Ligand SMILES: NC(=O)c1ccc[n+]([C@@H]2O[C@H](COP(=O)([O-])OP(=O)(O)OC[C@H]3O[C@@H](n4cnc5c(N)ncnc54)[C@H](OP(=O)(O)O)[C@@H]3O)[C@@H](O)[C@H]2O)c1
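There is one chain below, alone, in structure tokens, taken in the form predicted alone.
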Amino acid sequence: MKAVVIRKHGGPEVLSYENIQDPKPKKGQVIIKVNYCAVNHLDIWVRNGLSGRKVSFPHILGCDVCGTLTHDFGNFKKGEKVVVYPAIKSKTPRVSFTIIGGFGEYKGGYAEFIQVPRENIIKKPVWFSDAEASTLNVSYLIAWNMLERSNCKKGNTILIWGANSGVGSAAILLAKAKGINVITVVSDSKKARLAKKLGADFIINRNKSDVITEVLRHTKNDGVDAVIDHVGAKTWPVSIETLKVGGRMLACGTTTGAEARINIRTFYSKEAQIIGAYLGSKSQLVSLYRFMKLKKIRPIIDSAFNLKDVRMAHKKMESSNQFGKIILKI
């Protein structure tokens, strides 16, 4: 089969498009012909390598998969369209789970075929196209998980970083559908216009205005009920400053670094909470599908690349020039 393989950590140049052996069926596993696989920041982190996290080379990236079953099993039939819930129980102490195609033993979806545990298979919702279904199982699931854990109700206000990203654009769409007021942060006027189209109520260009000042001005010096922060080291101090008393910061990413310096006094004097979100449950994914159908929400797709052009897809994500999800057509 055709696949994109990495044999060492590094930049986009380590992504090698080549012929490799098809996966062989194992007990309790199922093989899927991959139709689409979305690109996520996890793919970049695994490709680059992280201190203390190991990958067994050669490795195949890709955790956001929609495809077609190659064999019958249980209530599933050969040729049926399915999506893959990407979480696998972790063998690492004090880590809840690993992700398919990430730092773990399972190869990912940058390939014509993928083998995963049977329990990770979900029937593809018929109201989404294959391309759309491949975008939901990571970014949209994380955003959904964080919104649920934010305890935000209709009329509350939430700050969402990076409207152009997969998580950011997903969080805006889902928050607005829940009746939550959205403040979002962008880096240029083009992204600001697109964020407005998504429904964001107040947009801050971080290169023109101070985020803390603008958030407090917009909330009449009150602060926000919650913050969705998937950026990391550079934004954590700002996120905490913008919270109101009793506010919650939901954290899921470290694109600007994993070690942040924060004002501890500000944190505890607000009786604030910091809540980590690492994907979400399989049942949450199913409820997300139903919510999006009910609210008629379509995922935002920025661009689609052929698998052989995966280096271009990674470069686009790393340059932060996308608005929404980048997907690979297998």
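The first residue of the shown sequence is 1; numbering continues from there. Since this is a predicted model, take the numbers as computed values, not measurements.
What comes next is about the form predicted together with this ligand, which is not displayed.
You can rule out all but one of 300-308, 275-283, 262-270, 52-60: in the predicted bound form, only 275-283 has residues with a heavy atom within 4.5 Å of this ligand. Contact annotation: of the candidates A226, V84, A171, V138, the single residue with a non-hydrogen atom within 4.5 angstroms of this ligand in the predicted bound form is V138. Listed residues T254, N120, Q115, N156 were compared with this ligand in the predicted bound form; T254 is the one with a heavy atom within 4.5 Å. Not displayed here, this ligand is kept clear of T242 by more than 4.5 Å at the level of heavy atoms in the predicted bound form.
Of the heavy atoms in M317, some are within 4.5 Å of this ligand in the predicted bound form. Taking the partner from the other structure, this ligand in the predicted bound form has no heavy atom within 4.5 Å of any heavy atom of S150. Contact check for A175: every heavy atom lies farther than 4.5 Å from this ligand in the predicted bound form. Using a 4.5 Å cut-off to this ligand in the predicted bound form, each of H41, I142 and G162 places a heavy atom inside that distance. Residues of 228-243 lying near this ligand in the predicted bound form, listed in sequence order, are H230, V231, K234, T235, the criterion being any heavy atom within 4.5 Å.
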